[in-house]
Structures are given as C-alpha cells and as structure tokens.
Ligand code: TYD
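Below you'll find only one chain, the form predicted on its own, shown as structure tokens.
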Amino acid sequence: MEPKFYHFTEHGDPRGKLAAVEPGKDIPFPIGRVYYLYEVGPDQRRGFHAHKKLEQVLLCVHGSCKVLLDDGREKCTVTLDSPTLGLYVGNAMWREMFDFSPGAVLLVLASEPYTEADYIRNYEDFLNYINHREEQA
C-alpha cells in the first residue's frame, strides 16, 4: 500500500508562517467537519476504526505522530511531522494514531459531519466489510 500525501504551500515572512487548505483545490472533498487531537499521552493510541463513507486528511500541525493504515490486505505506518504535510485516509481504511510527541496537535479535516453509523469500530467487522465490498464489486 502506498499512502497518499498532500503538500500544502507554506507562505512566510519575518512575521511568521501560514499554510492554507482549500477544499476542492488542496484536498479532494468539501470539509464537513474539523477536529483535532491534543494532549495525547506518550503511550496512548487513538483511532481503532474505519469509515464506510467518510474521507479525511490528517495534519500534525505541531509536533509529530505516527499513523498506521490498514486496508484489510496491507498495512503501512507513516510519520506526520510537518504542518504542511497532509495524509489522505480514504473510506474503508482502518487507522490508528500513536507515538505522539509532547505537545503534538493532530488536525483532522473530514468530508462529512460526525455520524456514528458510518464508523466500523471492530477490526473483525472491518475485515468482513472489506471482504463483502470486494464480493460485490
């Protein structure tokens, strides 16, 4: 599996730096929800789910963290350590975020508002969902 990244243009001058993300231009979907994780302890893992419909772009806007992606066949781990690097996480992709540096802030741009019915929170259910989708194709 090859993860997909988006690189956001950094603009800076002596006053500081700015990076902008525009839906439809910098990421492939309209933004339906924005949230962020912070003050995650050093041994804590987050995520442990997939989505049926939702797409996301994850940006570690401060510090760093790692993200495990699992499509049901292959797994890969990526490090997010730049506020201008966004990791695309499509639907039907299991994700786990871990190894947060002190002070890390992980920003998530989601294509849909929160809907509990869109979540797959059990790994065996996720594998069954993937297999069922492939049988339908």
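In this text, residue numbers run from 1 along the sequence as written. Because the structure is a prediction, the values reported are computed rather than measured.
Although it is not shown, the form predicted in complex with the named molecule is what the next lines describe.
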| field | Options 83-91, 70-78, 57-65, 32-40; stretch whose heavy atom lies within 4.5 Å of the named molecule in the predicted complex | value | 32-40
| field | Distance check, Lys52 to the named molecule in the predicted complex, heavy atom within 4.5 Å | value | no
| query | Does the named molecule come within 4.5 Å of any heavy atom of Arg121 in the predicted complex? | reply | yes
| query | Can any non-hydrogen atom of Gly47 be found within 4.5 angstroms of the named molecule in the predicted complex? | reply | yes
